[in-house]
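Heads up, the chain below is alone and in the form predicted on its own; it's given as structure tokens.
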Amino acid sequence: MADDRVSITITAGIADVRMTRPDKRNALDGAMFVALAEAGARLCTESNVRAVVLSGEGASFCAGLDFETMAGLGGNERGHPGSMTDGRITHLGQQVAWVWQEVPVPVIAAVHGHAIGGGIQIALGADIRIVHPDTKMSVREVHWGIVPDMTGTFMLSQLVRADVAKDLVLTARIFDGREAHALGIATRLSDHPYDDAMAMAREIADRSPDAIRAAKALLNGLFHSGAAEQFAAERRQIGSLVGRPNQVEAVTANFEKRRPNFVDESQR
């Protein structure tokens, strides 16, 4: 695992998993994608773990994709979020969110600062989200001319009404933790999300580990129907958008701080 991106400390049955790129607000580059996926895979095999707390060091949980770094990765390069592994229902970008559902014990995300784009999708992949009221959150992809493709469409649909999901995805607006709680995205609000996540993890760790694992498996069996098909649809849709003129224009206009000039491609 890339030790400079994610750390794991296991104490008294609780795995403390931290994204450790605070100078970049834990933005997702190739190494971070690999490290998160490997961290989750490791925890799937740790029989002594009873609960997991997932957090980000520094000022933010995760500010989303590191565009500058990812632009230099080829489609088959290790760390590219679109890379697939045989036998998986996810590509790497989806796996860094979905792996927390595969971990057989509860995963609690302690969210603060920013959870934007890929960052909010990773938080959605956790079982429980404890969020600071001032956290800035956004399903941001449409802002960049793409769509959520890190399991976000599926996981969001499990938490909010259809019209709310469409509001958040289609506007790409930024909202705070208070609204996230009102909408059902944040499980609890806290001025100290990491401390409260650890307290919850200790409470869970004091329960029968057999019952906790069985309960998560039962609930996931209810919630995960259709996941593979939706993940494949995410991959198809983003593949149809990346590099097209309107997607390039969305990015260019944002960096040039001007209104975009989109074209109706059906008329070209």
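One rule holds for the numbers: they count along the sequence shown, beginning at 1. Just so it is clear, the structure is predicted and the values come from calculations on it, not from any experiment.
Another form exists, predicted together with another copy of the chain; not displayed. Remarks below refer to it.
- Using a 4.5 angstroms threshold between heavy atoms, Met200 counts as touching another copy of the chain in the model of the complex.
- At the 4.5 Å threshold, heavy atoms of Phe154 reach another copy of the chain in the model of the complex.
- In the model of the complex, another copy of the chain sits within 4.5 Å of a heavy atom of Lys166.
- Within 4.5 Å of any heavy atom of another copy of the chain in the model of the complex lies no heavy atom of Gly118.
- The contact residue chosen from Ile122, Met137, Ala110, Ala186 relative to another copy of the chain in the model of the complex is Ala186, the criterion being a non-hydrogen atom within 4.5 angstroms.
- For the marked spot (Leu159, Thr171 and Gln230), a heavy atom within 4.5 Å of another copy of the chain in the model of the complex is present in each of the three residues.
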